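The chain below stands alone, shown as structure tokens; this is the form predicted alone.
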């Protein structure tokens, strides 16, 4: 008998009819001979509504209380789904994060799961029960409710798969799997049958919204097979597996984009040892994530221009920190631009296939798309471009690398 985790996203439990449909999926998977554990998100739109309510009280609503508020959405969907499963004649019950418990650490609203206790839930499973667990939440060592961050139910599901040593994790959503690019901006996007953990981690980090990066990382570290599929279709979805089980002949697996980046440039910085550290240290201490970094040294090697990217929501904070740090970093001018997007090609096949870089750059040049910043790793190349040509860039790259 296999033990599996089934996770339903917010759109999969967005109405009573959809919750009943999800219950029937759980019933079918148990009838196929599986021990089934279920993890649920809040009903679609619920978390946003709760956050908006908190903002009407205060723009700086107390974070521990915000976690209590936001976690209530999963309690509702958890109870409704457990009730729907019981109505089908099966044994089920709901579990909140604190009841298991799921132990967390870190800041409220962005906690990390340390441990998931298993004894009580395993006893319930052994009696033929189906535990329906609220995702996105846990409990701190101070006995306070905590949340894992937006999209955190994916992480909850994979951590439960890890601690309960399940054979696989099935992520049910409103799309039929992982696509070569966003089908909403390119109708020629194709569903990917299999994708490696590494490729999926890059895609989710670079803009693909199907899974949370921390969830993919958990699956990769623990070699947990993941099946992303639609709640509303019987078609096979996408399997996320180890690299040796994927098609290594593919050069590029997918194209992603993100419109949440801003570029910052410090012109004519006095070049000296440690200047980069002086720029980025205060940003790191303020929890600002720096992504792409480019440094150009002048011919006399006395001055340099330093360009980097941050998330758009961090731009004003970043500029303020740099201006306040001028005593440590001497520069002539500070410029910025937030009307940009980051487009990336991802594929494990890039490691063994030469010429991918020039092919990408030539394709963009032929469309007169100017590249502002470049970032690379073994299996991805990212470029920063004007956001107005995002769709054009995605389409031409999708065609260039034969993904249409």
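Because the structure is a prediction, the values reported are computed rather than measured. Residue numbers count along the first chain shown, from 1.
One more form of this protein should be noted, the form predicted together with ligand ASP, which is absent from this view; the next part is about it.
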{"query": "Contact residue in the predicted complex, chosen from 30, 344, 47, 341 - any heavy atom within 4.5 Å of ligand ASP", "finding": "47"}
{"query": "Listed residue (227, 311, 150, 108) with a non-hydrogen atom within 4.5 angstroms of ligand ASP in the predicted complex", "finding": "150"}
{"query": "Partner contact for residue 42 in the predicted complex: ligand ASP, 4.5 angstroms, heavy atom", "finding": "yes"}
{"query": "Contact of residue 199 with ligand ASP in the predicted complex (heavy atom, 4.5 Å)", "finding": "no"}
{"query": "Ligand ASP in the predicted complex: contacting segment from 152 to 160, 123 to 131, 99 to 107, 315 to 323, heavy atom within 4.5 Å", "finding": "152 to 160"}
